[in-house]
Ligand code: SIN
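Listed next as structure tokens is one chain, alone, in the form predicted alone.
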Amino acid sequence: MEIRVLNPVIGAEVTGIELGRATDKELKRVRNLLLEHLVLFFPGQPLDLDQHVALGRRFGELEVHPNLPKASDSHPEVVQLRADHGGIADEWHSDVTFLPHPSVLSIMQMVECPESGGDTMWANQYEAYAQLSAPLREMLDGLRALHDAHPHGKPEMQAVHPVVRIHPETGRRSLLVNEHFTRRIVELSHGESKTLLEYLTQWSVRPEFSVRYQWSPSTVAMWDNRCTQHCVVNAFDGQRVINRVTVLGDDPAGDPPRWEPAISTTYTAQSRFDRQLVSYLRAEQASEQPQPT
């Protein structure tokens, strides 16, 4: 394999490997490269659906996405996203953070790409955390945030995760908030949460933390969802079709919260996100109660 580093902070292009027939030794090296560069690009990989699913399964259990369209009935693990003149994921996000156990990694193939535009960007969330001031990092280490699937029309799908997570393989800390799915910081008031989230979601995707990739047909991208965000640049002409499989099994872990949830004492003063948080915490408390035998 030959490795071309795209950016010293994030991203590398890999050639000299055929992903559909990769050996265990080759995929072990790919795993190590992924931990180092966070997102990898493999040009010229014409995977069919069987090969795409088989490749994903070599990394773990595959997700059947609860909300997005599938490539075919016979391959429910493969999400297919089609867009022309917009209608794409053009907000920064980490995948399915509204689930209790979000994605570990995704493997995406560009089936059909526009002649120009339609690039994708990824941002390194290790760096986003590391370059914050020490006092702010210390406070964030003790906070949690509520995420939901409101952009998919399902706000009832929700989960609470640490604002700063610790990667289970590298031990490094990264931010876990994004503009697409993160709604409320649990331990802050609504106003405080809104202000801090606006700052963090803009800070975490600054250009110096990011890489932008220009696609060609049959290129495969693989990224670590535990320490990155991504976003499609919504500027292109023509059809843009991607197939994607996603590996499940993430369990975001961070420092334990150091404060109680901050919720308005007057129901009429609560925001929708306060009410969501109350609902979530009540359900969480009920699930922790001992069950009658």
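Every value quoted in this text rests on a predicted model; they were computed, and no experiment measured them. Don't overthink the numbering: it's just position in the shown sequence, from 1.
The same protein has a further form, the form predicted together with this ligand, not shown here; the description that follows concerns it.
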Hey, in the model of the complex, is Trp215 touching this ligand, heavy atoms inside 4.5 Å?
-> yes
At the 4.5 Å heavy atom threshold, is Trp223 in contact with this ligand in the model of the complex?
-> yes
In the model of the complex, does Cys113 have a heavy atom within 4.5 Å of this ligand?
-> no
Give a yes/no on whether His52 approaches this ligand to within 4.5 Å in the model of the complex, heavy atoms considered.
-> no
In the model of the complex, segment of 93 to 101, 185 to 193, 169 to 177, 156 to 164 with a heavy atom within 4.5 Å of this ligand = 93 to 101
May I ask you to choose, among Val30, Leu47, Ile242, Val247, the residue with a heavy atom within 4.5 Å of this ligand in the model of the complex?
-> Ile242
Heavy atom within 4.5 Å of this ligand in the model of the complex: which of Ala71, Val211, Leu146, Met108 fits that? Just give me the one.
-> Met108
Candidate spot Ala89, Thr120 and Val232, all three in 4.5 Å heavy atom range of this ligand in the model of the complex?
-> yes
